[in-house]
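Okay, here we've got a single chain as structure tokens, the form predicted alone, with questions on binding and movement later.
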Amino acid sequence: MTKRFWLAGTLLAAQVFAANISMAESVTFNKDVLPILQRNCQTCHRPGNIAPMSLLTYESARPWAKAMKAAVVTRKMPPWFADPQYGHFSNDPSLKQSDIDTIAKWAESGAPQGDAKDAPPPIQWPENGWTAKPDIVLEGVPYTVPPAPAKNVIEWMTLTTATGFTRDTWVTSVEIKPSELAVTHHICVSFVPHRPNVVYNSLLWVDKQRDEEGVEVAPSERRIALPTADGRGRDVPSGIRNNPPPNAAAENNRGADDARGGVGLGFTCYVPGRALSDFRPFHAGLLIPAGYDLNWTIHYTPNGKELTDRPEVGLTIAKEQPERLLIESFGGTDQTKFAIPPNDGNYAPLPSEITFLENAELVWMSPHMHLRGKDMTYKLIFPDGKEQVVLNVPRYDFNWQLGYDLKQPMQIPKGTKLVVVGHYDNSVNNKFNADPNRTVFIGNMTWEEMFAPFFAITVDKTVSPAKALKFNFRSAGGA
């Protein structure tokens, strides 16, 4: 009997000891998971932002524990597509393997909350869904997106609003915030010279001729409406044209030429995965002259529900002059030769080639294509012939059009060329491809295509943005 009791007592003690070890090693939300979410996830996963659920608290995150495990184990989340062989980026949200293991273990163990004392202080995010607390908020015009218009097409719209700037102003960040993310394909803005007969607060567009599938009937010259959001109907420094003015009001909304080139300053966009263009880490800003206006290019996509979007643009203003001037631009290709053949799984358009006419620092890149986009690679060719890949995105995802912030600005000597190549998958292997049996051209809608490698540089404050870059689309591929 004594021996039996001794064995029973020993076994019980061992079980209690094992349970204590298990408790000590258990993973909890407050102690282990919340710090990871704060570092890597809450930028998007909070109210008013693009992610479908909030991960700010245990109560909001707990129902998604299993989905969180699946997303991180497969590395679907956080979204990041840069090849780690090239470049080092300050905004890389990729999880370390230890972080992935922590979230997986938490979900597998029943997603315990843990002691509230173990939780780090909550991040104090700006109110109303902003990522950077704005000093000035400029409002757009409300637009009601119908449930399903004819052919499910809402053409791109342009808009001009007043900035109210009565003196030259250094802007150090631009954040575009739609209120209805589900129907907002993109919003791009730029600052443009004021014209006395400008029409403010009026949404304007061109009703294009489209076939039964919503594809634009090919005009004599392929056009795209990305460059400056200033309503221009002429060539801009990127070599790409805007939509022709729909009426006299749009003609009046075109900016006048000035010493800066008159094509708009600070061209930046909201697209899925990117809303804030922050120049402060680069000690740079945009110098916006007094009286300039804000031009918008807006594209909505219906989703079956009637929703009214009320877009805003938030600006931070420098208290002192920044050290550098920021220029954001993008390349392209010869659109007259862009045509993806049916069932082509690896189509390559003519490369984008841009020559730096001034010494500069490369600070940011962001590929842009549509549903058939496959990959994009940025390469620098220096004056001495040396070549360096600075960004490779081998698996482009239209649903997450990320920007890539270099950890350290890259010195670009005058005469350097930025060459960008990309590929498209118009085959049945592309699950996003609606019709692999038709030729695909450049166009505004997602079922058409684009090739627009965005980038940002900083230059000396004395440099004119219009004279800093040379765009060589036709010569890039020997065309």
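Numbers follow the displayed sequence, beginning with 1. All values reported here derive from a predicted model rather than from experimental measurement.
What comes next is about the form predicted in complex with heme C, which is not displayed.
Among N433, T416, N40, N30, the residue placing a heavy atom within 4.5 Å of heme C in the predicted bound form is N40.
In terms of contact with heme C in the predicted bound form, the residue from L55, I412, V421, M450 that brings a heavy atom within 4.5 Å is L55.
With the partner left out here, heme C still marks one of 296-304, 120-128, 338-346, 76-84 in the predicted bound form; by a 4.5 Å heavy atom cut-off that stretch is 76-84.
For L380, no non-hydrogen atom is located within 4.5 Å of heme C in the predicted bound form, even though that partner is not displayed.
Although the partner is absent here, A71 is a contact residue: one of its heavy atoms lies within 4.5 angstroms of heme C in the predicted bound form. Heavy atoms of M157 never reach within 4.5 Å of heme C in the predicted bound form, leaving it off the interface. Contact check for L95: a heavy atom falls within 4.5 Å of heme C in the predicted bound form. Shown here without heme C, the chain has no residue in 323-340 lying with a heavy atom within 4.5 Å of that partner in the predicted bound form.
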